[in-house]
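Next comes just one chain, in structure tokens: the form predicted on its own.
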């Protein structure tokens, strides 16, 4: 299990009383949240508990209706998603977002837009440095043999790895991964786990993980947050969360 860097006082990403409403429904309600540098944090909860909505709020894909969001000590509550991406925050999605008709390499190269390049720059040929980084990441993610294959030919697990590779192209400080193990076979789950740990321990990257795979969360996360009905139900180590009676009732119901 990873551990948070010692003597870190300022969170890398912080949400203060974050709220998001859809009509009269509180999808997220006054949630306090933090991820520190070099930390791997889990976000769990029953279906419909607000996990992905909170992701959208923290990454600025959704405007929030209350509270504030900070990244690297700067208030990003009103920032655009591309501005946050330029600052060093990348994310993946619950439904895999890759361009199926484009090759694996082309998917990697097009993600350079997250480095803040305008549309005219995106249309220009990629630089050697960009292509070298793409090849290095594909090799790291065990996808190098599929470099020139259409992304649509990949398995679900391989597309998950490709999406993670695309998120890594801008060399972010924090990655938000939304159900990275969903639909992935056990062997590739272990690959994803190993690569997250390597990126965390060797490159100091922080992660926030939405997951239903509790074993995956237990093996990786120093802390875990639990949401229920848009509210923070609990926070603690994976062991504390799994033995928390309120969490057990939220998942399985009270006896």
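Residue numbers count along the first chain shown, from 1. It should be emphasised that the depicted structure is a prediction, and the values quoted were computed from it without experimental measurement.
One more form of this protein exists, namely the form predicted in complex with a small molecule; it is left out here, but the text below deals with it.
- This chain is displayed alone, yet in the predicted bound form one of 62, 218, 191, 38 has a heavy atom within 4.5 Å of the small molecule; that residue is 62.
- This chain appears without its partner; in the predicted bound form, the one residue of 57, 224, 209, 27 with a heavy atom within 4.5 Å of the small molecule is 27.
- The chain is drawn here without the small molecule; in the predicted bound form, the stretch among 64-72, 47-55, 195-203, 29-37 whose residues come within 4.5 Å of it by any heavy atom is 47-55.
- Under a 4.5 angstroms non-hydrogen atom cutoff, the small molecule in the predicted bound form has residue 94 among its neighbouring residues.
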